[in-house]
Ligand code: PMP
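Let's start with one chain on its own, the form predicted on its own, as structure tokens.
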Amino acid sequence: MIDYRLPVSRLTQAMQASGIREIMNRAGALERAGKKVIHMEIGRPDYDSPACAKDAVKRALDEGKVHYTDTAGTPELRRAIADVMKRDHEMEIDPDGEVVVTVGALEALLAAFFAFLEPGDEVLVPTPFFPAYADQITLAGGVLREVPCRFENEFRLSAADLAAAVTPKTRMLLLNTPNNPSGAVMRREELADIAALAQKHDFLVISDECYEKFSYEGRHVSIASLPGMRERTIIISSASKTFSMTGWRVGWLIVPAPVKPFVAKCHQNFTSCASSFAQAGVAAALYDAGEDVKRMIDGYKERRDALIARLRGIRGFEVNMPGGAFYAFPRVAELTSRFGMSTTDFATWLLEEAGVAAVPGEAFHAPGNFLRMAYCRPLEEIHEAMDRIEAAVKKK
């Protein structure tokens, strides 16, 4: 028997279960056994990708654009990214010197961590957070340091809590607004306080802005647009959520010019380049899919309002109105206490008893008893899910 000596040290923590896949796998098993499941565990837009993007891909294929591109991405896509940043945030971006196109936002994040982190460097991450952050920071040799955000503050990061978490080993803050899983959206004045701390303590900010268009009560503010922050901020974004193009696997980083060679070197050795024809489709979407995005955002806002109203009508659910993304993050502490369950057990019970899949908050390092419920489902399914949950809780 070969001793593979696995997992190696950097994989030890990363091999822990995420919680999301476990619920998905259990839901799949129930469906195969004949049970109808309403999937509110999956953070995936249910709209089609824009027609302009698909048409651009067809043209690219017909024109033979099927080979490697520049490692940093096609000039056309990098220019489109820069143009959109100018249009939406009044930021002047050099498409050649400050943009790196990647295979989705996850690869963009990983390239940033590998480029910046020395072993033992600390990354401040507000909780709750997307589980992949922890895995990637560990794989890159960093140390994740949690900064708690609270239900009572709608899970927005407090500058005071952030200041208390800073240590001599702090290398960067990972900021995600709008947030997955809480839907929290940071306000401009709050970002300004955080920017002041970043400058005072000389740490970098990785700003995960993949949900920026999903800001329902106002325009998204990038911390990079605030005074003194452009040179210390790495913006992460992608086409996946904005254009419902999750399977296209195209993301990007916007970085200060001195940083680009190092991030690009990591990206080059991870994946070489993003798909050539997919990049053509994303460039078209950035310029021409505005109406598609508006239609999708309007649809999700309607679903959000319906879901929150229904959750607030079920005894035992407490929920904030999420300002962005497409997740509700209700607190269910009363129910878990009354039923004598952990949140994981409660999520499993909801799945098996009501046929509704939701992710326990532990998966996101949430401080308390919470569930993440994705409302990227048809409105009628959302209402059916709430009917089922209400009936199950009353019957218990």
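Quick caveat: nothing in here was measured; it's all calculated off a predicted structure. In this text, residue numbers run from 1 along the sequence as written.
Keep in mind that the form predicted in complex with this ligand is missing from the display, and what follows is about it.
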{"property": "Heavy atom within 4.5 Å of this ligand in the predicted complex - residue from 214, 243, 130, 155", "result": "130"}
{"property": "Listed residue that, although this ligand is not shown, lies within 4.5 Å of it in the predicted complex (heavy atoms), from 144, 229, 210, 191", "result": "210"}
{"property": "Stretch in contact in the predicted complex with this ligand, which is absent here, among 176-184, 195-203, 312-320, 281-289 (heavy atoms within 4.5 Å)", "result": "176-184"}
{"property": "Residue 109, heavy atom within 4.5 angstroms of this ligand in the predicted complex", "result": "yes"}
{"property": "4.5 Å heavy atom contact, residue 105 to this ligand in the predicted complex", "result": "yes"}
{"property": "Residue 304: touches this ligand in the predicted complex, heavy atom cutoff 4.5 angstroms", "result": "no"}
{"property": "Distance check, residue 249 to this ligand in the predicted complex, heavy atom within 4.5 Å", "result": "yes"}
